[in-house]
Ligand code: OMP
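Single chain ahead, by itself, as C-alpha cells, in the form predicted on its own.
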Amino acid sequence: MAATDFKTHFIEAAIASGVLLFGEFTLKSGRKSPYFFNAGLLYDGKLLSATADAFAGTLQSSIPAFDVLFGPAYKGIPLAAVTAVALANKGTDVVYTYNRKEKKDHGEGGTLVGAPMANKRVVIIDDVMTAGTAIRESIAILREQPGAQLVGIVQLLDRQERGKGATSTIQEVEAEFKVPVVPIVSLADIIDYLRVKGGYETELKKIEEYRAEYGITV
C-alpha cells in the first residue's frame, strides 16, 4: 500500500469515527483550535486496523531497521501491540514492550513488560506529542537498558504547530535526541485531504487561518 493510500485511509477512518473533529476546541495551551484529534476514541476494531496499517506502513517507509516497538503507558500500549500484528501480516516480524506506571514488586517484578530491549534498536510508538513529557520519560527508560538504541519515534499526528518558541515540540525532540520523529499524518496531510475531498471549504479556511498564526516553518 502506497504512503498516500494508508494516510488517506487513516484520515477517512478518523473522520468517520469522530476521532478527527472540526469545530472550535480549547487546547491545553489555551489556544482555540479549529480541529481536534481524540486518540482516546481509538477503540473500534475497524479503526484500530486502519491505525495499525498506517503505523506499519509509516515504519516500513521511514525507519530503515528496528527490532522492538516500545509503547509508553497507557495509550502507547495497544498501539504498539496492534502495530506488531500489522507488521507481521506484512512479513515483518518484530516484538514489542511497554512500561507500567507503577513498579511491580511481585511476580516478575519491575516496570517493563514484554520483549527485552537491551542491545536492541527501538522505535517508540505513541499518539500525539504535546509538551514531549511522555516521550522524554520513555527515552529515560530506554537509557536504563544496556545497549538499547533509539532509532525513531512514530506518532499518530503532527500538528506542525509552534510551542512557546519558534519551533514545535517534535522539532525540539528531534534536535535534542538526534532521532527522527515521524507522524502517520501531519496537519499538511489533513489540509491536502480536505482540499481533494471537497465540501470542507469552511473548515479549510479556519484551519489555514490557524496555521498562519501558529504554524511552524517546514
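Note that residue numbering begins at 1 and tracks the sequence as displayed. A quick note: this is a predicted structure, and the numbers were derived from the prediction, not measured. Superpose the two forms; the largest set of C-alphas matching within 1.5 Å is the rigid core.
Just so you know, the form predicted together with the ligand exists too; it's not on screen, but the next bit is about it.
Visitor: Using the site C-alpha superposition to carry the ligand over in the predicted bound form, what's the verdict for this chain: open, or blocked with 3+ ligand atoms inside 2.4 Å of backbone or C-beta?
Guide: Placed partner shows the pocket blocked.
Visitor: Would the ligand in the predicted bound form be within 4.5 angstroms of a non-hydrogen atom of every residue among Ser29, Phe36 and Thr130?
Guide: Every listed residue reaches the ligand in the predicted bound form, so yes.
Visitor: Under a 4.5 angstroms heavy atom criterion, identify the one residue in Ala134, Ala81, Leu142, Ala115 near the ligand in the predicted bound form.
Guide: Residue within 4.5 Å of the partner: Ala134.
Visitor: How about Lys120 - does it come within 4.5 Å of the ligand in the predicted bound form, if we only consider non-hydrogen atoms?
Guide: No, Lys120 sits far enough from the ligand in the predicted bound form that none of its heavy atoms falls within 4.5 Å.
Visitor: Please pick out the stretch from 181 to 189, 36 to 44, 145 to 153, 51 to 59 that is in contact with the ligand in the predicted bound form, where contact means heavy atoms within 4.5 Å.
Guide: Partner-contacting stretch among the options: 36 to 44.
Visitor: Can you name the residues of 149 to 164 that have a heavy atom within 4.5 Å of the ligand in the predicted bound form?
Guide: Stretch hits: a single one, Arg159.
Visitor: Superposing on the rigid core, I want to see if Gly152 changes position between the shown form and the other one - specifically a Cα shift of 2 Å or more.
Guide: Shift of 2 Å or more: no.
Visitor: Any chance the CA of Glu161 moves 2 angstroms or more between the shown form and the other one, core superposed?
Guide: Yes, its C-alpha moves 2 Å or more.
Visitor: Taking 2 Å as the cut-off, check whether the CA of Val173 shifts that much or more between the shown form and the other one after a rigid core fit.
Guide: No, because once the rigid core is superposed, the C-alpha of Val173 moves less than 2 Å between the shown form and the other one.
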